[in-house]
Ligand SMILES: NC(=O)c1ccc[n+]([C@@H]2O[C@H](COP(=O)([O-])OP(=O)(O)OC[C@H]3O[C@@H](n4cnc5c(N)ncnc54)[C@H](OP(=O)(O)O)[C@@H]3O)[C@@H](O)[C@H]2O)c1
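Shown next as structure tokens: one chain only, the form predicted on its own.
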Amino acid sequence: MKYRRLGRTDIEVSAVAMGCWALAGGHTWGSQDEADSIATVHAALDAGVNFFDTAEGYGDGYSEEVLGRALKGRRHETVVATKVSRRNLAHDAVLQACERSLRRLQTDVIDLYQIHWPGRTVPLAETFAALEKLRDQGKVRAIGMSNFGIGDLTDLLTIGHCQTDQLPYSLLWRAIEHEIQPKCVDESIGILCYSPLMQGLLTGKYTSPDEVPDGRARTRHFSKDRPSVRHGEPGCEAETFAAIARVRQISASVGESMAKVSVAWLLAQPGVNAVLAGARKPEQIRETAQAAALTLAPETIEALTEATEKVKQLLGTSPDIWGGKAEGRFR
């Protein structure tokens, strides 16, 4: 495993982190056995993963509870990140939410405390003041953001500095490269990448749009005519699967899986601190953790970038995976 500094801090995190949303199970992920969740966290630790990301909003705190139980006796080996929900961004609500997260995680300090989504009804300065108070009290080591677009991030930087911005980023979702990534690099804000395998599209599991079940075919890659989509766009299904085919070819040429190559490409991008890999079973996190050791040749990185450039241009500058211009939640 390779390790990187988190933003401007002295906190060292594994390049591959474990995203813990799926540990909550429920409607989004289906049934999840807690014993499997705990075994997966232990497998991650044994593979060198020290960075775990959760949120109070994942299963109404259940993901935090499971992670807390899984890390019992091994908390000293880890960096734990969680998030405060948009409904709790008022000053006192932030303080109370943090206390609840500390209890569920069975810890005295949260290493990285993030705003899950910008609220825009409570003044950002009020929320940030509460986060700084928690840091001054020693209950939080570092302050981060999540899903902050160029507008929200620019507003935040007039108030103070955050260490990270957690964003959707993958070979098939490169919208942050237009504006947000350059801003993060300039301000030494670490990028934490979520959905690095684009909901399975970059694992090689699907070879055509028709093979993707409706529940997963809701992103802006797919037609507005697919069930349950929130956007009103035509999508770019043909271009997306042409790019996937090319990524598959490039991966085969270097003798590695699409998943490992896709994560390794992300880790080579400017400003990236860590890639968040969701996992529900030990074998899933073991495989993804191996990507941290894969160094791609410059010509391979360039070929992968070129293979997905058309998709990047067609999808435009909005970082919202699911919502079009009218429905997008980023600003």
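Start at 1 with the first residue shown and count on from there. Not measured: the values here are computed from a predicted model.
Below: the form predicted in complex with the named molecule, not depicted.
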property: 4.5 Å heavy atom contact, W265 and the named molecule in the model of the complex; result: no
property: Any non-hydrogen atom of G151 within 4.5 angstroms of the named molecule in the model of the complex; result: no
property: 4.5 Å heavy atom contact, V66 and the named molecule in the model of the complex; result: no
property: Any non-hydrogen atom of F222 within 4.5 angstroms of the named molecule in the model of the complex; result: no
property: Single option in Q269, T300, Q284, Q290 placed near the named molecule in the model of the complex, where near means a heavy atom within 4.5 Å; result: Q284
property: Among the candidates P123, P209, P182, G200, the residue which, in the model of the complex, approaches the named molecule to within 4.5 Å (heavy atoms); result: G200
property: Which of 105-113, 171-179, 222-230, 143-151 sits within 4.5 Å of the named molecule in the model of the complex, heavy atom basis; result: 143-151
property: Residues within stretch 259-282 having a non-hydrogen atom within 4.5 Å of the named molecule in the model of the complex; result: A259, L276, A277, G278, A279, R280, K281
